[in-house]
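One chain comes next, on its own, written out as C-alpha cells in the form predicted alone.
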Amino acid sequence: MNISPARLASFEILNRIEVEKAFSSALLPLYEEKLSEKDRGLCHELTLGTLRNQILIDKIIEQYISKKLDREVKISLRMGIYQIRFLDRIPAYSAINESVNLVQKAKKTSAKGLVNAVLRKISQKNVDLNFVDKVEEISIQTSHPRWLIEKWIADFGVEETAKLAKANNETPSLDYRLTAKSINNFENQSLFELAKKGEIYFQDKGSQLVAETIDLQPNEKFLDVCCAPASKLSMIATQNQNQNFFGGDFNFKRLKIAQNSCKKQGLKNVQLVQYDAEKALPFQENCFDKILVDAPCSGTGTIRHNPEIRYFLEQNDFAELSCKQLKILSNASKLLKKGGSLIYSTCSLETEENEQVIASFLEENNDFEIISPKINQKFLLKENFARTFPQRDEMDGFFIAVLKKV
C-alpha cells in the first residue's frame, strides 16, 4: 500500500483540524519540515485547497452518498475530489488510488469500494449543482457558511460579499520582512532557508501595516498587550533596536513561541510577561507612551491564510468576543500616560469587534479621543478608522483605531 508522504501528511493535518479544531497555519510547518521540497508544496496545496473548497466538495459528495460518513472516509473523499476537480496536473487514477489507500490506512477497509466508485464517477463527468437563491450560490461556490454570507451581505452588500468570499479562496502572496539578523546578500538562498535562519519573517502586508502605524519617539515606552506570536511586536522592536519593549499574553505556550521568535530574529530588546489581560495588568498606571491592543478576535480577515476559521465560527461568537475585547481595551487604557496613544486593532471584518467596541469604550472613557492613524489615505474611513480588505487590497482584513488620552 503506497501513499505519498504529501498526501499522508495532508490527511493527518485535515483530520486533526476536524478533531482538535487546530489551525492549518500551526500544523503545516510541523509536518512540512519533515517533507522534501516537492512533497512540501503538494501537502500545502492539498490541505489548504481542500479546506477552501470544503462546502462545495461536500455538496458534490451529497449527490452520490446520502448516508453519514465516517470522518476519515469523508476526508479522503474530499482530498480525492479536490485533486480531480481542481488540480489538472494530477492524474485522476492517482488521486483515486491514493484516496482508497488512505481509507485502508485509517482502518476503514469496508469503505474502500465506496470511495473508489464515487471518485471514478466524479472523474468521468461534471456534477451540476442547483441553488435556491443567490445567497446559497455564493455560500456553496465559495465554501462559506450561509449565515456568514448573510451577515456580510447585510454589512457590505451582495457584490462586495461575493468578491470577498472569492478572494478568501485565492492563494495569498508570500509576504515577508527583514529581521534584525538580516544580511544584504540573499543570493542562492530560498525564502524557506532564510526564514529558518531568522533572516526574514513571513508576515502578511496587513499585519505589517498595523505595526507601521506605531511611530515611536526616542525613550518612549511601548507595550503590546496581546503580543503572541509577536509578529507586530518583533517588527516594531526591529525598527527601534535602541529602545526596550514590553509584551504579554495569557497563554504560556504562545508566549514561549513569541519569545523564541524574537530570539530567532536576533532581538534582545523585548521583555515578555504572562498575564490575563481581562484582569488588572501587572504594570503601574500611566507608565506607557504607546500601547497596542491587537485584540483576540474571530479572525475573519485572515480566512485566506486560515481557511478553517469559517467552519469554526458560530453566530454568537462576535458578541462574546466584543465583551472580551472591551475589557482588555479598558484595562490597557489605565496604563497609558496623558497624551499617549492607544492603538486598537483586530484581524476581523466584523463591526461588532471593531467600531462597536470603540464606541462602547468611548462611552465609558471621556478622556480619550479618536485620532487618525499614520497610514496611507486609501485605508482611512471617514470616522478616522482604518480598514483593509482582502478583495480590495490583496492583504488580510484588518481594523485599526488610534485613541489619544487627553
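For every residue, the number given is its place in the sequence shown, counted from 1. Computed from a predicted model, the values in this text were never measured in an experiment.
What comes next is about the form predicted together with a small molecule, which is not displayed.
Distance criterion of 4.5 Å from any heavy atom to the small molecule in the model of the complex singles out A230 from the list L119, L164, A230, I214. Here is the short version: of D294, E98, E308, E199, the single residue with a heavy atom within 4.5 Å of the small molecule in the model of the complex is D294. Annotated contact segment (heavy atom within 4.5 Å of the small molecule in the model of the complex): 230-238, selected among 230-238, 140-148, 121-129, 68-76. At a distance threshold of 4.5 angstroms between non-hydrogen atoms, D175 is out of contact with the small molecule in the model of the complex. Using a 4.5 angstroms threshold between heavy atoms, E160 stays clear of the small molecule in the model of the complex. Although the partner is absent from this view, N251 contacts the small molecule in the model of the complex, with a non-hydrogen atom inside 4.5 angstroms.
Interface residue remark: L194 is not counted as part of the site for the small molecule in the model of the complex, having no heavy atom within 4.5 Å. For the three residues L48, D204 and R304, a heavy atom within 4.5 Å of the small molecule turns up in the model of the complex in no case.
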